[in-house]
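First, one chain by itself: the form predicted alone, in structure tokens.
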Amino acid sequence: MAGLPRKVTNMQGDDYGDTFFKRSRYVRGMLPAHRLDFNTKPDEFKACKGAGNRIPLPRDYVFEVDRFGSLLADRRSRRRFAREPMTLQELSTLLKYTSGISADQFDASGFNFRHVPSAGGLYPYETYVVANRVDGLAEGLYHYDVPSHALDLLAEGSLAPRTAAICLDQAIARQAAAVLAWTAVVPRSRWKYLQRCYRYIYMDLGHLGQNFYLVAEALRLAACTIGALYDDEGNSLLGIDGVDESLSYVGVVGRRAG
């Protein structure tokens, strides 16, 4: 069937997932001996040095839905997008309440809480944005800079076809107004949790994804998350190594059709 990924036969019968869960279990009296070295603690966020233009994001956060109960009842994966663009403020609100800090200003000398929980408060992920149709934002690839609540331009131009190809050729990644790409930054969590960090990283991404859905619902936008990805192709687009930082999760969003 057209559009389905080709089967990779050399992975059949390889129980590497089962092995990982067995080897990363915590057993009473057998916890790994590990002392935290704060001199080697990784940075809590990524700064894109030498990036292109920096676009400050607006901060007038207004939701269309106020009742939390209705958000929980109405939340669902929506895969039909209108052609109308979304606003820069809507994108800003999504970034603020998923990857952004809770406070109005970043505290360079203190601890910066965010709107989602994270094991050890390490937030082992980064956020990239592929803008397809966002008012006030040129088409292209951006990195979300947490301290400044701004977008750094990494590559300008239409990336919708390439983004869809990365998402196992799913059309919704091409039709959405914007695509949020979240990467796992392994050293940031491994510094504290060693090999068990992989469990926590994907839990943290799940927390982030739920906020993405709820905020999109509050803004009356259509949103859907995608975990089916061609890893190497996605890492190549983002310019990351696929080892210390690797594409792990995607959220597509835009104005609702109909």
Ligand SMILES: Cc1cc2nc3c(=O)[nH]c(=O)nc-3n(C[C@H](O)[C@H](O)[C@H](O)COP(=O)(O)O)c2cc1C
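Keep in mind the model is a prediction, meaning the values are calculated, not measured. The term rigid core refers to the most C-alpha atoms you can superpose between the two forms while keeping them within 1.5 Å. One rule holds for the numbers: they count along the sequence shown, beginning at 1.
The following text describes the form predicted together with the named molecule, which does not appear among the structures shown.
With respect to the named molecule in the predicted bound form, the three residues 61, 102 and 116 uniformly fall beyond 4.5 angstroms at the level of their nearest heavy atom. Contact between residue 226 and the named molecule in the predicted bound form is found at the 4.5 Å heavy atom cutoff. Although the partner is absent here, residue 76 lies within 4.5 Å of the named molecule in the predicted bound form, judged by heavy atoms. Of the heavy atoms in residue 172, some are within 4.5 Å of the named molecule in the predicted bound form. The named molecule is not drawn, but in the predicted bound form it has a heavy atom within 4.5 Å of residue 213. Remark: of stretches 123-131, 76-84, 144-152, 157-165, the one touching the named molecule in the predicted bound form is 76-84 (heavy atom within 4.5 Å). Applying a 4.5 Å heavy atom cutoff to the named molecule in the predicted bound form picks out no residue from 142-164. Taking 2 Å as the criterion, residue 231 does not count as shifted between the shown form and the other one: its C-alpha moves by less than this amount when the rigid core is aligned. In the predicted bound form, the CA atoms of residue 178 and residue 44 sit farther apart than in the displayed form, by at least 3 angstroms.
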